[in-house]
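The chain below stands alone and is given in structure tokens; this is the form predicted alone.
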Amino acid sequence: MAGDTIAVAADHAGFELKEALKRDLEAEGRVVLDLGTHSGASVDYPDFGHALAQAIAAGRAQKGLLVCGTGIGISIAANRHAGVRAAVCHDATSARLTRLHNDANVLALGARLIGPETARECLRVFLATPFEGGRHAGRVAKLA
């Protein structure tokens, strides 16, 4: 089911962190749609940001996880797609607030900027936090 599926994608800089977080998600019993990359060989991050965004737009996954060196480039690529709200987060607070206030559906992480434990905490909080709605709903609607 798409509602239970989390799409994951990374470039070469984010490959190892993506793999670690994917293992964590699977250990929790979550369904993971791995869109690559599948090695540390050099690739172009936009290709993977676009692939994940297309999976979200097509309903193949409800939420996504993107990882590149900084999280910035891959999130820019994903955000070019309607219905995708990718947010770069560096800590649990930014992960919580982007869900509460922005209804972000894609978490972007920078493997060269944060360690694996911080990344795990960001992902855990991102997935556990619902959208607050209310005064934020109108603002999020303007993003479409």
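Please read these numbers as outputs of a predicted model, since none were measured by experiment. Sequential numbering from 1, following the sequence displayed.
A second form of this protein, the form predicted in complex with a small molecule, is not displayed here; the remarks below concern that form.
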query: Which of 6-14, 130-138, 20-28, 117-125 lines the interface with the small molecule in the predicted complex (heavy atom within 4.5 Å); finding: 6-14
query: H81, G83 and L143 each touching the small molecule in the predicted complex (heavy atom, 4.5 Å); finding: no
query: Heavy atom of F48 within 4.5 Å of the small molecule in the predicted complex; finding: no
query: In the predicted complex, C89 touching the small molecule (heavy atom, 4.5 Å); finding: no
query: Contact flag, T70 vs the small molecule in the predicted complex, heavy atom cut 4.5 Å; finding: yes
query: Non-hydrogen atom contact R112 with the small molecule in the predicted complex at 4.5 angstroms; finding: yes
